[in-house]
Ligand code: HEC
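Just one chain is shown here, as structure tokens, and it is the form predicted alone.
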Amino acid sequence: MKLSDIDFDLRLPKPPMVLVAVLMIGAFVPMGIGSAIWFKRNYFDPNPRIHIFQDMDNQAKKKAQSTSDVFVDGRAMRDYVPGTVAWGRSANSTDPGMLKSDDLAYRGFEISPETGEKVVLEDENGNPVPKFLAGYPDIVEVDQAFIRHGQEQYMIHCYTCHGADGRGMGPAKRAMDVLATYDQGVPKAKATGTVALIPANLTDPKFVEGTYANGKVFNVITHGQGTMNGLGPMIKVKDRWAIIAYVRAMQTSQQQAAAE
């Protein structure tokens, strides 16, 4: 008998329908679940989602200026509780840094404990001005290390506009000069709307100590003035005073050089 005369049946037996159903379900159910998850994550539904566990994004609350039946006056917003002190307000405390109760150190000007408002004086022209601190607050100690630290902070935050010598010719000023034209010395915007940046010349006599109080410099660093943005959120309180100490040292050295 030859091998070719043997009838080989190479067909596999037909699988049971149960097995076929299980395989089909196992293949398509995960795909269906994945599609449902994708759809749910990418579809915006104005209705709140179902919370199996209560989360903070679904809570009973009242928005500002809304009404409330809970209180007699019908307002959802409540006044401060008597006797409490908000962060950053003056108060008698053993931790002045916590409540920033040292007005001169954390604001640069004095606040009246009776009224909670700025102590206002008059300048030489009779205009009302806050009572700015002339020297330095008690929270800092001005020494060589403090001034050196102020130089480091100055080069990080101030050099770009005011320049290394404080004369207001930093890289940002020079770059803006390229983008802006001048008409008789006055900045004139181009078609792009670009205007020249004019940082203050910190060596100008009107900014020297005795004329421009340290507290006022601190306030300008904190809140900004003119084209300068406030840097308070980016520079720590003591670092701001360190910058002022370095600027005063820089002004003094330049005045001495000019005198010589």
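All of these numbers come straight from a predicted model, not from anything done at the bench. Throughout, we count residues from 1 along the sequence that is shown.
What comes next is about the form predicted in complex with ligand HEC, which does not appear here.
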*Partner-facing stretch of 225-233, 35-43, 51-59, 65-73, counted where any non-hydrogen atom is within 4.5 angstroms of ligand HEC in the model of the complex*: 225-233
*Report yes if any heavy atom of residue 151 sits within 4.5 Å of a heavy atom of ligand HEC in the model of the complex; otherwise report no.*
no
_How about residue 162 - does it come within 4.5 Å of ligand HEC in the model of the complex, if we only consider non-hydrogen atoms?_
yes
*Applying a 4.5 Å heavy atom distance criterion, does residue 105 contact ligand HEC in the model of the complex?*
no
*Check whether residue 158 has any heavy atom within 4.5 Å of a heavy atom of ligand HEC in the model of the complex, and answer yes or no.*
yes
*Judged by heavy atoms and a 4.5 Å cut-off, are 208, 215 and 246 together in contact with ligand HEC in the model of the complex?*
no
*Hey, which residues along 198-218 are within 4.5 angstroms of ligand HEC in the model of the complex, non-hydrogen atoms only?*
198, 199, 200, 202, 207, 212, 217
